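Let's start with one chain on its own, the form predicted on its own, as C-alpha cells.
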C-alpha cells in the first residue's frame, strides 16, 4: 500500500528498549483506589455511591451526564470509604471529586450485562450503548468518550476505521506490548467497531520500529480480508490522528474539521481491546496497561493497572527510584505533563509514568530567538512558531490566533529543535488556554444577552395578553333608551305668541 509523506516532524531518541522486551505484569491490589469522576473530555460523571457502600468489581459508581461524558465503575470489590477531593494527575495538582474504594481482596465481579451472542448481527445502536455504559474512552491519551466516535457512522459516510498503533512517543511501549500479547482481542474489537461504524475497511497502522508487533498483528488479521496491517515510517508525531490519516490516505484534514469528514475514524489499539471485553463479556473499562519508565526508575515495567491506583503504588512496584528524578511525567516526554504529586491516581488516559533524570531532560537556559527558522521547518501543522511566540510574549493573543495558534496540537517538536531552548509549546498552551477562556466568556455573555432578550419578549407578550384579557372582561358602556311606543302623543311646547296671549 502506498504511503504519503507528512509535513515536518522530528526523530528523537526513542529509548523504548527500557520496557519493550518486558511482558505485561499485573499490579497487586493496593490498600486503596482513588477513582476520579472526571477521567475524560466532557462533563464529569455523577456519583451514585456514598461512604459505607459495598460494591463489586465492574459496578457503576458514577453515571455519565450528557452525550459527551463517561460513567465510572468500581475497579475491584470492596467498601466505599469516602467521596472526597483528591489531587488530579495534572500539572496544577488541584483536587477533584474522587471516590475512594478500599478493596476487600476478593476481586469479585458484579452482575454484568449479557454478552452479545453475535455482535455482527447486533444493531449498531446497541453496540454504541454498550460501549457508552462500559465507560470506554480513547486510551491513546485524549480520553474522548469512544461511543461518541462510534456513532459517527450515523452522521457521515465512512470508508476506513484506522487503528492507531504508531505509539510515536519516546519511552512508551504499552500499546506495543498489548499488540504483541493480545492481538486476537484487538482484531475482534476492531471488527466490532467497524460493524458499528459501517466501515468496509480496517487499517491498523504501526510504526516500523515495532517489527514484532507488525508481524504478530499481521498474522492475527490474516483471516479477515477487510483488515490490513501497515508499517508506517518512524517519525514523530506520526501518532497524531490527523497526520496518521494523511500518511495512509494522502488527504489532509482541514483546520477545525474532523478526520471523519474525510471518511476516516481513528481509534487506539487498546481502545479496540476494551471494546472486545465490553461486547463479548460485558466488562467495563476498569484497568489499563501503563508504561513506567525512565532512568530514575529502578525496574521499568509495563503494568496492568486498576484504574485508581496511585502513581506511588506503581513506582513502588517497580522497585522505587534508582536516583532522584528531576521530573515525573504523566504520559510521554513530548506531550506529557509534569506531575505535582505521586499521590495522584492512574486514570483511563494514563499511558505512561516517566521518572526522568536531569541528563534525560537536558534542561538549559533560555536564550533569545535567533530566527533560524528550525521550528517553522519541522512544524507538522505548517505553522510559524517563532512569530506566534513573538505575539504571545507581547500578549497579542489576537495576532497569535490569526497565525493559527489554535491549530497547534502541542506536539512539542518546535521546543525540541529550538537551539535557543525556548519553551515554545508552553507559550502556545498558555495562549490556547486564554483564548478558550475568552471564547467561553463571550459565549456566556451572548447566552445571557439572548436570555435577557427572550425575557423582555416574554414579559411584553404577557403584558399584551393581560391587556387583552382585561378588555374582554370590561362591561359594555350604557346606551340611551329608545322612545316608548305606547301610542300617546306628547304635547308640543307653547310658541312665544301663545305665551303672550296667555
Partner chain sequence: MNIATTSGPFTHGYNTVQKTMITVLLALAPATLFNFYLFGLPSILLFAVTVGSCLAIEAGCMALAGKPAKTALSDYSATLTGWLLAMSLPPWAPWWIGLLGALFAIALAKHAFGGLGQNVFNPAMVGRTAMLVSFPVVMTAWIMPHPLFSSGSPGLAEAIAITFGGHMPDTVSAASALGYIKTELSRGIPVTQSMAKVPDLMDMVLGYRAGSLGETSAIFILAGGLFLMSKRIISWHIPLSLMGSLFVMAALFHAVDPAHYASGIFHLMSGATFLGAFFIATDYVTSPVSKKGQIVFGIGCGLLTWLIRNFAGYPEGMAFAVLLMNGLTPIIDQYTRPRAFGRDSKGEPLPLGKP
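Positions refer to the first chain, counted from 1. These figures come from a predicted structure and were not determined experimentally.
There is also a form predicted in complex with the partner chain; it is not shown, and the following applies to it.
Interface residue remark: residue 176 is not counted as part of the site for the partner chain in the predicted bound form, having no heavy atom within 4.5 Å. The closest non-hydrogen atom of residue 228 lies beyond 4.5 Å of the partner chain in the predicted bound form. Contact between residue 338 and the partner chain in the predicted bound form is found at the 4.5 Å heavy atom cutoff. By the criterion of a heavy atom within 4.5 Å, residue 17 is excluded from the residues contacting the partner chain in the predicted bound form. Heavy atoms within 4.5 Å of the partner chain in the predicted bound form belong, among the stretches 109-117, 363-371, 203-211, 75-83, to residues of 363-371. Scanning 102, 129, 387, 181 against the partner chain in the predicted bound form with a 4.5 Å heavy atom cut-off leaves one residue, 387. Of the residues 356, 143, 314, 290, just one reaches the partner chain in the predicted bound form with a heavy atom at 4.5 Å or closer; this is 356. Contact with the partner chain in the predicted bound form holds for none of 159, 162 and 239, as no heavy atom of theirs lies within 4.5 Å. In the predicted bound form, the residues of 243-267 lying within 4.5 Å of the partner chain by at least one heavy atom are, in order, 243, 246, 251, 252, 253, 254, 255, 256, 257, 261, 262.
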